[in-house]
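Listed next as structure tokens: two forms of one protein chain, kept apart as structure 1 and structure 2.
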Structure 1
């Protein structure tokens, strides 16, 4: 059985988690002070995911040259670099509204990149 040590990032407590993994499945989680820690540990130990945030250039708006963007959901940690690479060279035309999809299915993850501000 493999023991994985993690620091939980789901709340400010930063609980030190002990995760037991056997045959690719989480057997137990210890050290969490809340349910979010257990959920985090189960995902992070066997299938870590991340939200990717960045910004892309905007054309057609002299007051704002960039718009902040993020993945609409989690992407596998192993695909983060591919998602960032997919954003290279991307520009969007103004106007852009919060929630607008600026890149669909980023890097084949099935997750869209959306704007996080109005421009």
Structure 2
């Protein structure tokens, strides 16, 4: 049994959650003042995910040096740095539109990186 300590982010109270995990499953949550804390703990303790955002250099448009990008969906928290590293050295060419894929399958996550700005 593993004991994981989390801060609930669902409201400003920020309850300190003690989550017991066994074989990759949450067996108990303590410290939450409401039900939402339990729901949060259940995914955050065993499968934390994040959307990664960044910006990459863009060429061919004198008004812009960079274009902002994001992962099209959640990636495992442990992969966040790998995803950012996969963007190093990448340059995109203008025109690029919101939703255009700038890097497919970032760092083996199966998730694409898309532009979040029209440049």
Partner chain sequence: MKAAYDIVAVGGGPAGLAAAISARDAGCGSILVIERDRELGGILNQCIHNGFGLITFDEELTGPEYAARFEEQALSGGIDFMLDTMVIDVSADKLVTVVSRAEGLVQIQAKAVVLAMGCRERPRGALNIPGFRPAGIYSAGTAQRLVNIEGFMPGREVVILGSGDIGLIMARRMTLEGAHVACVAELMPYSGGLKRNIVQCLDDFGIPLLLSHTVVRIEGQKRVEAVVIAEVDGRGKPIPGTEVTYPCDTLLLSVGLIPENELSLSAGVELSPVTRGPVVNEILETNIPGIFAAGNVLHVHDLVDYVSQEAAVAGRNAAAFVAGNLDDEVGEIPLVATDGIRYTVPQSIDPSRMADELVVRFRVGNVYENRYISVYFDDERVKHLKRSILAPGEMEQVKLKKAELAAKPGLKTITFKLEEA
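Keep in mind the model is a prediction, meaning the values are calculated, not measured. Basically, rigid core = biggest C-alpha set you can superpose within 1.5 Å across the two forms. Positions refer to the first chain, counted from 1.
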property	result
Chain form predicted alone: structure number out of two	1
Same rigid part for residue 50 and residue 23 between structures 1 and 2	no
Smaller-part rotation in degrees, where the chain is treated as two rigid parts between structures 1 and 2	27
Cα displacement of residue 12 between structures 1 and 2, once the rigid core is superposed (Å)	6.0
Value in Å for the CA shift of residue 27 between structures 1 and 2, taken after the core is superposed	3.6
